[in-house]
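Only one chain is given next, in structure tokens, and it is the form predicted on its own.
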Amino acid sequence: MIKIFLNELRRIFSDSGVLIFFIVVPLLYPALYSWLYNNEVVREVPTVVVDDSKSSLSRELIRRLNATPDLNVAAYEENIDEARQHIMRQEARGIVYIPSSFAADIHSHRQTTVSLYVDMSSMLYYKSLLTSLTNVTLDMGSDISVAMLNSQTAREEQIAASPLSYEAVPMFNPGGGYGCFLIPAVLMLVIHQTLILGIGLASGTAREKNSGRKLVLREDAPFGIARIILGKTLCYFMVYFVMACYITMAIPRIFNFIQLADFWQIIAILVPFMLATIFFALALSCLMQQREHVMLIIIFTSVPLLFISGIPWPVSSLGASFKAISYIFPSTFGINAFVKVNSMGASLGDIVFELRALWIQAAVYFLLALYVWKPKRWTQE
């Protein structure tokens, strides 16, 4: 097994393609992705205002909108058609339309409407503009209600402005940032995908260099298949473990993302997650007849695996079939375990289900690797 470990280690460091997936991509991709989303939220979204009311109340609404951190009044237009041209030229991302009856409706004690049109090419624009307009209109509406009541005391004005007091407490992501929401899941998916890509590339390379398309192990070697799988696993684990620690521990600290997990909690997740992923990749290696095959089989799965993990989209909305498919991949349990511990402050006792699932996957995929390799009678050169 040690001999197989040393041979595999030599092959890894002599193959530039495998080194890219084991060293370069894990080193640079998480840092690049985290840097791109390090601002967390979108600020000063350029917006066009169409003010048909041209009243003091509409000007007050515009002033308050422009004072919010998420919205910036970039232009004024006379009608919606002219405002739409700014959207088409991507000079603005939204349009606020104030109708001509705005002030008259308010003075007549009638409900009025302010319309918002948003460029939906990015959900972040929609979130920023809708949040800004909603908060401003609610706040201004409260002030108008108080002014119309002619209350005698400050307490009466306070009750009129807010008859039902509430306090919103965003859990696990107080700033509502995109990075804290998505980056932890992406980091674990990077580990999952690069491990599979590197191992698949190494397997395809071994077959290309052998005329018989085999990964060759002596048939007379006792427990030969188990030894080669364990030897390769030990090599991949030791080489990639440093990169996995860098991805899960260093990247969140470098870019100031939420990190509530301690060292041993992350290790408790990484060990079964990496073992399950390595054995899963070794089982899939029977499909890798050439180096390029791993790209065709694995690359396109990144986005689907992220969505079926239940982080970007609720598991309850996926359906039973997609939920069952998600249980096949170690990334599902690895992502959920890491997010719960690192972003939500869960203890290891709170992620027992995910840890058990990862260890079960490691055992099942190890046996599957034995099954798919043994009939081939591969021999080690």
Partner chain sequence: MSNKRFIQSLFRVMKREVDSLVHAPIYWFSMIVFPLFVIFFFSELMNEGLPTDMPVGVVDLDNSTTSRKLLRNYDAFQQSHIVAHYSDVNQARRAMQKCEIYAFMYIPQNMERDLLASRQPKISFYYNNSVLLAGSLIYKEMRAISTLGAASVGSAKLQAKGLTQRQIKSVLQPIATDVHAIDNPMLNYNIALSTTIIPACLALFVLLVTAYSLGIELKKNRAKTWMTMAENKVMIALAGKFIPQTVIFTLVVWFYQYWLFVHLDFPHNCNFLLIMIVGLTLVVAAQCFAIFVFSLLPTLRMSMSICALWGVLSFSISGFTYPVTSMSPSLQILSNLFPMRHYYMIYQMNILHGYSLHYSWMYIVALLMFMMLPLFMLSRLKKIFYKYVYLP
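Positions refer to the first chain, counted from 1. Predicted, not measured: the structure shown is a model, and the values here were computed from it.
Just so it is clear, the following notes concern the form predicted in complex with its partner chain, a form of the same protein that is not shown.
Judged against its partner chain in the predicted complex with a 4.5 angstroms heavy atom cut-off, the residues 259, 324 and 359 are out of contact without exception. In the predicted complex, no heavy atom of residue 77 sits within 4.5 Å of its partner chain. In the predicted complex, its partner chain lies within 4.5 Å of some heavy atom of residue 93. Mapping the unseen interface onto this chain, residue 72 falls outside it, with no heavy atom inside 4.5 Å of its partner chain in the predicted complex. Its partner chain in the predicted complex comes within 4.5 Å of a heavy atom belonging to residue 308.
This chain is displayed without its partner chain, yet in the predicted complex the stretch 103-111 from 271-279, 243-251, 103-111, 224-232 comes within 4.5 Å of it by heavy atoms. Only one of the listed residues (116, 267, 239, 286) places a non-hydrogen atom within 4.5 angstroms of its partner chain in the predicted complex, and that residue is 116. Applying a 4.5 Å heavy atom cutoff to its partner chain in the predicted complex picks out 293, 295, 296, 297, 299, 300, 303, 304, 307, 308, 310, 311, 312, 313, 314 from 293-314, in order along the sequence.
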